[in-house]
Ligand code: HAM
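Below you will find one chain, with nothing else, as structure tokens; this is the form predicted alone, and questions on how it binds or moves follow later.
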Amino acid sequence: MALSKKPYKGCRDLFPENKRTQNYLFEMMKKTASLHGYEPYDGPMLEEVSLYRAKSGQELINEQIYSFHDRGDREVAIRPEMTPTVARMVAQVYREIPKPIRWYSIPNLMRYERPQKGRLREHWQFNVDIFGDNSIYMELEVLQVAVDLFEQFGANQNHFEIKINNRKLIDHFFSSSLSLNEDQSLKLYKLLDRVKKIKPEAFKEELAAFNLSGKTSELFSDYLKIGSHKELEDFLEKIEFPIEKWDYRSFFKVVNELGLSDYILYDPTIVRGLDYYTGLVFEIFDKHPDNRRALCGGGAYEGLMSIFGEDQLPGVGFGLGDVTLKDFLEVHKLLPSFTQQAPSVFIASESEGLASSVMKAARFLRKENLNTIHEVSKLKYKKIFQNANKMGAKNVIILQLNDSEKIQLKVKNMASGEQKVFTMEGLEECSNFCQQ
């Protein structure tokens, strides 16, 4: 029986056109991170399952990781996320290097999930993390990196929004105002995380298990109705939230000063499903009616270093998948076309016996940093331009024999239509013309 030509379910074959698109996304990610002073890092594809079991949450461990026992009987997993890895790496070096530590990566990740629009089992993810002090300024810096990335693609507040919450706020509200114990709080976290994915009737039915009544029921109802920064401030004053846990007034003041207020809004249902978050949590949402979904998420975490026996070093980060980003850019028509390779030069000959000269000229142009594709077979004049157009070549060079049987290079700039003729001895001038 013949083998299937399709990739493993939930994975992709990245043909050259797809890879050109992905490379464009990666380059914009790298550019944005570098502009903010973040340095690239990477880690292993395999990690011990205990790394994720310590902090990531039961849903990921029980349902989403690809795990197995290796030949040394170690329980390992293909990495499903990057935050535990970066925390493990930072734990090795944080005492010796300057802080804050600003790192980014674009790793290949695997999760056993049901493939659907915007979500595959395999994807690449832009991860940005900063480690240093426990301040609102680290949180705001990461939000600014996220906004700047989307703006690099041409997006603005009409295209996306950032919904935020804070775990310290929720923890205080659940324990002090609703009188829930740790186990009950965790279960209510999980319910809130699913509130937009289940029907209102199902939410009410599951909420009934927490036995909220009277004042606590009214408080929880008020909490779910918060829809603005002002309503949040009024609510936090009402429940006497200690501002030292989260200086929300300063946070929103700086949001305004940075010009981020058009993007950021408070949402009481944003809690994030991963257990290691301890402060700010956020998700970026697409505003397009055909793609109303979360594009990425992140938040602040303090206790990850403790699983390695190290002191706490607060961190903030986010992860953005290449699949959801591509869908976002396509639906808003912000993604350029990458159907063509678009070399700088396509070089060919319409005379016999010039194959080695074609290759010699192409080699010279490549040393001049010109992306050059050559064709050694003799081609008709019309066919040369047909091939060049299919590739989207910026310049076409045709090698010909002149009346004196000497080789000449006829060059045409495809955008301007300007043409010039050079000799093999004048390849440097030819290169300068193609780089205009």
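Being a predicted model, the structure only gives us computed values, none of them experimental. Quick note: we count residues from 1 along the sequence shown, nothing fancier.
The same protein also has a form predicted together with ligand HAM, omitted here; what follows describes it.
- Checked against ligand HAM in the model of the complex, the candidates D171, E161, D193, E81 yield a single residue with a heavy atom inside 4.5 Å, and that residue is E81.
- A heavy atom within 4.5 Å of ligand HAM in the model of the complex is found for one listed residue only; from A155, I264, L295, A91, this is L295.
- Across the options 92 to 100, 230 to 238, 123 to 131, 183 to 191, residues that bring heavy atoms within 4.5 Å of ligand HAM in the model of the complex belong to 123 to 131.
- Heavy atoms of E330 never reach within 4.5 Å of ligand HAM in the model of the complex, leaving it off the interface.
- When contacts are judged by a 4.5 Å heavy atom cut-off, E113 counts as touching ligand HAM in the model of the complex.
- Within 4.5 Å of some heavy atom of ligand HAM in the model of the complex lies at least one heavy atom of V323.
- For R272, a non-hydrogen atom is located within 4.5 Å of ligand HAM in the model of the complex, even though that partner is not displayed.
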